[in-house]
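For reference, the chain that follows is the form predicted alone, supplied as structure tokens.
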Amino acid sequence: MTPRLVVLEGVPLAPLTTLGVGGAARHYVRIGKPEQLVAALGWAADRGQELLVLGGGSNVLVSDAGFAGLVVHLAIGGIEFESSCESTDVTVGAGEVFDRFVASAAARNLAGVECLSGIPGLTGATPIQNVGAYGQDVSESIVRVSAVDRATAEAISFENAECEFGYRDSRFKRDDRDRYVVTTVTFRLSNGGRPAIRYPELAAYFESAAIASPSLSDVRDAVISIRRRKAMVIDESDPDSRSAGSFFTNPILTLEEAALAELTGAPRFPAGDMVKISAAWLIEHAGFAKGHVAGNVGISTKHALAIVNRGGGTAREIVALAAEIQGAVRDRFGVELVPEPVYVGEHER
């Protein structure tokens, strides 16, 4: 039996994103089960409509014109634990709030995702972007990604190596962009493992608090505290959190490129045989201070890497500010900043 779909028309997308900008979806359907997803794929194919899969809306910039196809809003939930002697496999529905899973892992003393606390959005998006923060990436703990092929509507599963993870990257974002819809993600976490404290800011937090051996819950609390100071935790009362989080990825340069770019004083972190440079430092040293205002949008007063909707902002304003920042950094340092959010629809520039 074909699952029943409730397809709506003209649904505003701005309220479904953390930036709060963008027009409406021509058609919209909320999906709670994989079989409904298959039915939605068929519905769009039969009508020749483009498909947009929307999760928590924390990493998208929807155009003011909206989206002219079918928006599939994923709501496939569930968190299932399967324990062995040393580890626990946790299978999480793509529509499950990612931080709910991270919180449950810390509460059960399962190590592997504690530094990812407070990240907004849904779990299904995390392998696509290879989400990471404070020295930890989801690629370190993902063992399997289950998905549906948009073209064939067939279920498929990818082991970690098959996902081809890179820095804020994967096959799902690169070679197979828009080919698969993630339905579940399985993480392998260490039972009673030690927390990962690799990031200097996190280590400094515990040093100042005189906590020599922090627990997983301590690390979770610390990360959320640090993120909140930077308005990187969604908070209705904080206008600085009306953003997509970090708007640009930290550029990764060869040692030669970093030397030529005159980056003396820039925070940098090892990335294999290359070096990762702080995008926030580049932005501020290119002339864009925290709190910079550009019409109804601007830069967060707490973190130079976040572009915020100050109220009444438009996608066009955000695109224009992002382009202005990119141009200034390019002119000053010869470094190209790459936006992290996915641009949806036809954007005016």
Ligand SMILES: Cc1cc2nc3c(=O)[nH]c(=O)nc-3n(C[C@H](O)[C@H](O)[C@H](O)COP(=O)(O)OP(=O)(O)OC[C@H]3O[C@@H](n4cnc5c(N)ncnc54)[C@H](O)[C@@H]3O)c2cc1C
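Because the structure is a prediction, the values reported are computed rather than measured. Throughout, we count residues from 1 along the sequence that is shown.
What comes next is about the form predicted in complex with this ligand, which is not displayed.
S.K.: This ligand isn't shown here, but in the predicted bound form, which of 82 to 90, 254 to 262, 272 to 280, 228 to 236 has heavy atoms within 4.5 Å of it?
M.R.: In the other structure, the partner sits against 228 to 236.
S.K.: Can you pick out, from F101, Y205, F248, Y180, the residue that has a heavy atom within 4.5 Å of this ligand in the predicted bound form?
M.R.: Of the candidates F101, Y205, F248, Y180, Y180 is the one lying within 4.5 Å of this ligand in the predicted bound form.
S.K.: Which one of L74, A105, V71, V219 is close to this ligand in the predicted bound form, taking close to mean a heavy atom within 4.5 Å?
M.R.: Selected residue: L74.
S.K.: Give a yes/no on whether I128 approaches this ligand to within 4.5 Å in the predicted bound form, heavy atoms considered.
M.R.: Yes, contact at 4.5 Å.
S.K.: Residue-level contact is defined here as any heavy atom of the residue lying within 4.5 Å of this ligand in the predicted bound form; does N309 satisfy this criterion?
M.R.: Taking the distances in the predicted bound form, the answer for N309 is no, it never comes within 4.5 Å of this ligand.
S.K.: Does L5 reach this ligand in the predicted bound form if we count a contact as any heavy atom within 4.5 Å?
M.R.: It does not: once this ligand is placed as it appears in the predicted bound form, L5 has no heavy atom within 4.5 Å of it.
S.K.: Does this ligand come within 4.5 Å of any heavy atom of G132 in the predicted bound form?
M.R.: So G132 counts as contacting this ligand.
S.K.: At 4.5 Å, heavy atom to heavy atom, what parts of 42 to 64 sit next to this ligand in the predicted bound form? List them in sequence order, or say none.
M.R.: Heavy-atom contacts to this ligand in the predicted bound form: L52, V53, L54, G55, G56, G57, S58, N59, V60.
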